[in-house]
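A single chain comes next, written as structure tokens; it is the form predicted on its own.
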Amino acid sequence: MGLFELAAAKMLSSAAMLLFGTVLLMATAKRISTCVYLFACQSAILTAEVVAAGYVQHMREAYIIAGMVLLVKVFAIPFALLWLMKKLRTAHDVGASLSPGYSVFVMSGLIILSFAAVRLYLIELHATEVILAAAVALILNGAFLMVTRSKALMLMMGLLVLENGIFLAALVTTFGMPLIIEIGIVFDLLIGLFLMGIFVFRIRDTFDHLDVSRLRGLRG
């Protein structure tokens, strides 16, 4: 492995540690806008990882995928979410059912669980396995946000973080999916967000709030 390829491999491992930081910060965030900015940072880290993986594996299509991730996840989706928050004119708190301290404690446990799921002993982990552990942590963090946050926008945020984890896991385990599949996934994600945005507007217009936990009263 050449000097530049070794540096790229080290960057992949360092980026994984930054992803753990975004996961913990997102668990403690009190405002939806903070989570949106953290998601943009998280996606920017993923972009750098795709570029580094493409350089190490000599995959030209990786640069196209990195451009798509940068355009859609770093710029387009965060901009759309911030615009949606402005249009809805509702409280921007995340509606957490756990305090920030408990959220950090639970998320730290999930990060440890992600390492355990990848390898029994942390000391034996290699760079690729650290990145895979970060992917598992992102998936668990997305599920955690969807379960413990009551605002509809945070459910969308949890889905996005979960998809980032799946994307990173695919990148690590298969060194990238075919380009046409990546394009299809991004297209499906955008359509899903569009439909969820309509759903959020309908909730606000009908019930004058975005707290999905209060919708349980509609059960017969």
Partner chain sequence: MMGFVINIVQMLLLVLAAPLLRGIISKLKAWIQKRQGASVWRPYANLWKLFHKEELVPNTATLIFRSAPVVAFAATVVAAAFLPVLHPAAFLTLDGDIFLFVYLLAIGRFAMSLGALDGGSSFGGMGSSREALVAALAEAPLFLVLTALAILARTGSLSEIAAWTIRQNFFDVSTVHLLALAALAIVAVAETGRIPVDNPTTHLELTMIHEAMVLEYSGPSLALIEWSQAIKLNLLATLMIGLFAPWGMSLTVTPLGLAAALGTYALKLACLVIGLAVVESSVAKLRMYAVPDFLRVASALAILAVIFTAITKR
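What you see is a predicted model; the values in this text were computed from it and never measured. Positions refer to the first chain, counted from 1.
From this point on, the text means the form predicted in complex with the partner chain, which you will not see here.
For the candidate set 77, 94, 135, 111, a heavy atom within 4.5 Å of the partner chain in the predicted complex is found for exactly one residue, namely 111.
For residue 83, no non-hydrogen atom is located within 4.5 Å of the partner chain in the predicted complex, even though that partner is not displayed. The partner chain in the predicted complex is not approached by residue 88, whose heavy atoms all lie more than 4.5 angstroms from it.
For residue 33, no non-hydrogen atom is located within 4.5 Å of the partner chain in the predicted complex, even though that partner is not displayed.
Of the heavy atoms in residue 47, none are within 4.5 Å of the partner chain in the predicted complex. Contacts with the partner chain in the predicted complex, taken as any heavy atom within 4.5 Å, map within 13 to 40 to 17, 20, 24, 28.
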